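Below are two forms of the same protein chain, given as structure tokens: structure 1, then structure 2.
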Structure 1
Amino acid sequence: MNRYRPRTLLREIAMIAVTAVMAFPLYVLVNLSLRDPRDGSSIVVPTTSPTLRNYADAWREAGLAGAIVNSVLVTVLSVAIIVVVSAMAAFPLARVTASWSRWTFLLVMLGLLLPFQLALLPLYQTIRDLHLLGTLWSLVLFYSGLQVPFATFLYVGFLRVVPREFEEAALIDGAGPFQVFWRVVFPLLRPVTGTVVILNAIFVWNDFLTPFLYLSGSDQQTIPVAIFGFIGQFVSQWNLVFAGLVIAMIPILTVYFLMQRHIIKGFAGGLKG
């Protein structure tokens, strides 16, 4: 039987302190989203007369219904392309031991070393020449190309610890390489697929710079750009900004909590590889 020692008490106090620090931004976010704009009290003071009108105003004035649809379309299409391309690319890179496989893997990993800000202007010119500026397809193309190297790295690391016996048994039964991948290997990649999905979904959902750059001047907006409309040079509607941020958090937090178990498994598999 474990005894309650002073060290245990110190650990509990430390955990409570860390939890309080982590929860403080969330408290400020929700507190200010419920506050009347005429209330000028400190951000740490609880709102005495909370109102939900900020949420209704933010939803209507920012056009969050359309922005959420756009964000969902961009996120789903981008993540789907990233998952399919990365998983199919990782399969030969992890299984083939020839020199071309190792060099190809290193070439893909170069995409992790180069900061995307260096390629921002050339990519913008390429998107412009393809006549995709102002369309959601420009974002899908950008995110797919940007995130495939990291997703491939995770898939390769996970595949290297997956036994080959399943594939060999399927080949003996007469399955082709394509069938082996989709019917045997890909289902085994479910944990790391969960990691790839949630990490990329969070990145795409919250990104502000790329939609602001590629969708400027069009009627297409994602959620971060729509909320940015409340911030002006002389007047900023912070209560609507915080209310809009709370609305924007709900879908992605729901996906995160549903898939957090797969994230841990996927990272564990990648580290073993």
Structure 2
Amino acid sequence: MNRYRPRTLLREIAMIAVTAVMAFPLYVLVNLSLRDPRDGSSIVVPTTSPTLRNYADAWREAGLAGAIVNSVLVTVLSVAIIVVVSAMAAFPLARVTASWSRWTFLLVMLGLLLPFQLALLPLYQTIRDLHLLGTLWSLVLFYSGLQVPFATFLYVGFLRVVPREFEEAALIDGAGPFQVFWRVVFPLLRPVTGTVVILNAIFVWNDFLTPFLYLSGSDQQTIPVAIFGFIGQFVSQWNLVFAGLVIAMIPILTVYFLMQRHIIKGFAGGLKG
């Protein structure tokens, strides 16, 4: 099973070929983004004299600087709120065995089932009546509430297999519930917090429909909305659009490449729960 045989070499070559095919669109993306628009050679050929001019133009035209700041703000704030409130909620849900606790957990899990399209329109009107449309706060509020069920689900699953002894020891030492949670339980949750942070950050960063609705008509944009508008405006100038797409991808892909070990481990951990 673990020896490198001739058959393993064949499999290796096959997998490299498959990955190359899957990654081909990304090669086209980067290749064309570096190319002068007048260069008409085949998309498969590497660009002979790469230029960064498309990048400078895209950066200026698409208003990406403001959009990146907005996306970072919304993502960081939302994920922080999701982590804190969901971890706190998971504590009594995982520890209290009374029936109200089980019912509350089921009520929260109902949120995994309800598609947000159902809540989208009434919530849009509530947000409008609160004069929050066009503000980043509307998005932070939306994501914080929307992602509570998923994050709580992960936390409760994890916490149920964490032994209670540490908490009990801290209680006996005279710590209040707040101290017990922050000093003992929350640090123990670190592995699953990693998963919660990564999955929610990817979701919030990439979401398009909500900012498209809630921010339309304002001068605030997030990355997906800015890119959507940019594509519509420069639809025939693909080199320029592609440079914009690459810029938009860089933050999330950087985070991914830095954390990929942790992401894959997080999935494995989630599966055991």
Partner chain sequence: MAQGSVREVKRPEPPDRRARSAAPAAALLRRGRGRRRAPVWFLVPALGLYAFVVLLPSAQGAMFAFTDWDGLSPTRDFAGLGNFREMLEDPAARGALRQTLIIAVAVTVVQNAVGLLLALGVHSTIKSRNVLRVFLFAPAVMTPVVTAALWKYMLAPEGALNGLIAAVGPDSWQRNWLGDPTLALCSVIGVIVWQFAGYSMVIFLAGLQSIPREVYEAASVDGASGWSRFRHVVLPLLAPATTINLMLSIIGGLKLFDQVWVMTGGGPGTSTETLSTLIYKNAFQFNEYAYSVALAIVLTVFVAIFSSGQYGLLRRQERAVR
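Note that the rigid core is defined as the largest set of C-alphas that superpose within 1.5 Å between two forms. In this text the structure is predicted, and so the values were computed from the model without any measurement. Numbers follow structure 1, counted from its first residue as 1.
Only structure 2 matches the form predicted in complex with the partner chain.
Shown in the overlay between the two structures, fitted on the rigid core, is a CA shift at residue 51 of 2 Å or greater. In the core-superposed comparison between the two structures, the C-alpha atom of residue 66 has shifted by less than 2 angstroms. If you fit the rigid core between the two structures, you'll see the Cα of residue 242 move by 2 angstroms or more. On rigid-core superposition between the two structures, the C-alpha of residue 37 is found to move 3.7 angstrom. Note on residue 14: its Cα is shifted 4.6 Å between the two structures, core used for superposition.
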